[in-house]
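A lone chain, given as structure tokens: the form predicted on its own.
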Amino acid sequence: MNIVAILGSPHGLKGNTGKVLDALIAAAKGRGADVTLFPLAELKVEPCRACDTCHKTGKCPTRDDFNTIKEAMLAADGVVLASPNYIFSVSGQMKCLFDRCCGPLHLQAMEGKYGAAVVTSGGKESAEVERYILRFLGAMGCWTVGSMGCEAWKLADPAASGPVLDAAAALGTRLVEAIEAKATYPDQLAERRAFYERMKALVTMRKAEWTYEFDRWQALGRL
């Protein structure tokens, strides 16, 4: 079992989000999963240039670390996305990654995989960022197994940090168990189907320009 963990904190594993993600990773490894970590602070992922090349050829021409991360995500059984809450959204590093995933998103390229989200926040606003990350994962085709968020101050309090790290470990275990069981989530079906049909219609409408994506949908027997 291969899980990819992507950390969007500028502080890497030394930051609050990194500490929580580390507990999740340890639990997943404890259940036998291989986990590959991509700390975006140590990598280079530039913003999307809206050049449309990925839709036409299947590859992004920007020379940075995105293609390596993308290929790892597509080869994984599960993906964990972890970010601090920066003004009611993910960090800029994580948002650049999301925007560069427009090609795989059009292709529903992570269909059948599993995803989870981790968010830390200065206050109590992590829930909306968790929902945003889970929505992204669902739009990519993943089943989402859940998320966890915490107020960062709790990690500096020995009495409060234990339950936070335990919750992160439980999420890591839940992700592994979902992959092992090939779990499905009926409550996610309607939203998944609606977005799938939306991407199908979009790629079909743009078939003259987005030749790679249209050909890929045909090759997969979806059209």
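Computed from a predicted model, the values in this text were never measured in an experiment. We number the residues from 1 along the sequence you see.
The same protein also exists as the form predicted together with a small molecule; that form is not shown, yet it is the one meant from here on.
Only one segment in the set 130-138, 67-75, 102-110, 82-90 has residues whose heavy atoms sit within 4.5 Å of the small molecule in the model of the complex; it is 82-90. Among heavy atoms of G146, none comes within 4.5 Å of the small molecule in the model of the complex. Among residues of the shown chain, K207 is not one whose heavy atoms approach the small molecule to within 4.5 Å in the model of the complex.
The closest heavy atom approach of C96 to the small molecule in the model of the complex falls outside 4.5 Å.
Mapping the unseen interface onto this chain, H11 counts among the residues with a heavy atom inside 4.5 Å of the small molecule in the model of the complex.
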